[in-house]
Ligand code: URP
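Just one chain follows, in the form predicted alone, and it is written as structure tokens.
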Amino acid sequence: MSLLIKNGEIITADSRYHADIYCEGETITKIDRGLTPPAGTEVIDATGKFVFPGFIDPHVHIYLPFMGTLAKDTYVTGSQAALVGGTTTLIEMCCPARKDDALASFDLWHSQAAGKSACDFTFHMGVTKFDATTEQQLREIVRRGISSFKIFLAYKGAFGIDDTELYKTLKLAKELGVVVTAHCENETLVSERCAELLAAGKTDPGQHHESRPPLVEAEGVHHLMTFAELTGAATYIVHLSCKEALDQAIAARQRGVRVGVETLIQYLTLDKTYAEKPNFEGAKYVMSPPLRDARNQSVLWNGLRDGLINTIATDHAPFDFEKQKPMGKDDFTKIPNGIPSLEERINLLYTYGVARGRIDLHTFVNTASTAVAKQFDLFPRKGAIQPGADADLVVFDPSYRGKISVKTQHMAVDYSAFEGWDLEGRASVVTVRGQVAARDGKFTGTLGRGQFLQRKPSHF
């Protein structure tokens, strides 16, 4: 089956031009003006629309046991939501508990996606303990096509690793050329502050921020950077939320530390007043690190614009407001963390970034697609519009006007954190390896067609 997208304006991380894109099989084979397709080719007219490379979310949770419950999405619902929103590749965090076997956990996470996902996928392998057995299993997981680890400097006793394990993980990553992605919060400070707040009777969702203020995140980044500098490992800070943490990352980068920085669409558009809403409504907006004071938003937007922040993700972790968030009704530390945003990341980034003049179209494509592909060993198969690249393409209609609603979303969760928000532009047609998978807010693809993307480390 062949596909021709004609008359569109192609936008990549570094170029902008009008041309047709011809796709044969699963890849782009020709880009030129006035292409005439052979008989039987599916033709999509993109007149008046942008054509972007498929977007990549570098940080999602689809299968997630957390705080005694399970996230609501599966790869059936999650991949549909991603595609409708223009995201054609997911990088999921495989997060075993400390007691779990690493290789068995990798197989478990992989089994949740294989044969179910409609979009392509890969994983960051969680390292939640480090011993001789784990080391050998991590080597095997890298041989199977994983080129990134995930560590937590938070969640003591659950996912968090100690400093000896941190040092050994980074040393192994350096040896293998693997990049280490990291949740940076000082776990001792979080633990002590939580205990103090609860003892004082401060139990509402708004206290979540007070348990881990910006300095706690900044200290976590500083801590990681010290270890990264001494080991030479390539690192990547996930979900960076505030100026204080960004300052630490930039300072380390200036010293020569190899560090990528990711922020989230939630931090760019929401602030901590949402988590302070009365009547437990704030629980919808509890995540870690927490939503910050609004003054941080301009810092993050400017960081994206100036290249100080490399990528934008969601940390998608969907938990129902009615039946799961109330686990923390009388204790904010028991609220399942997450602000589900997988479906809306690209629309929000365009509406409140590009359309508001905060970032340009090239930054939009780079931070949500190309830079992700380069950081995680997927480029130029992904994140590019060029012959030989996978035909993952997003025909985007900038003239679309609409509103976000839980009633129309594909995510399997009972609320939208952005209910009623205006959108200016959305994906009109989305393709995965040459096959149309979404049209005008509706999923039209094939469940189970998504492929596991094997990656080879390149971060020596």
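Start at 1 with the first residue shown and count on from there. Quick caveat, the model's predicted, so the values are computed rather than measured.
The form predicted in complex with the ligand is left out here; the points below concern that form.
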Heavy atom within 4.5 Å of the ligand in the predicted bound form: which of Gly338, Gly383, Gly220, Gly85 fits that? Just give me the one.
-> Gly338
The one residue among Lys150, Lys374, Lys72, Lys272 placing a heavy atom within 4.5 Å of the ligand in the predicted bound form is Lys150
Per-stretch contact check against the ligand in the predicted bound form, the hit in 420-428, 55-63, 405-413, 29-37 (non-hydrogen atom, 4.5 angstroms) = 55-63
Residues Tyr155, His183 and Ala317 all lining the ligand in the predicted bound form, heavy atom within 4.5 Å | yes
Report yes if any heavy atom of His239 sits within 4.5 Å of a heavy atom of the ligand in the predicted bound form; otherwise report no.
-> yes
Is Met287 a contact residue for the ligand in the predicted bound form, using a 4.5 Å heavy atom cut-off?
-> yes
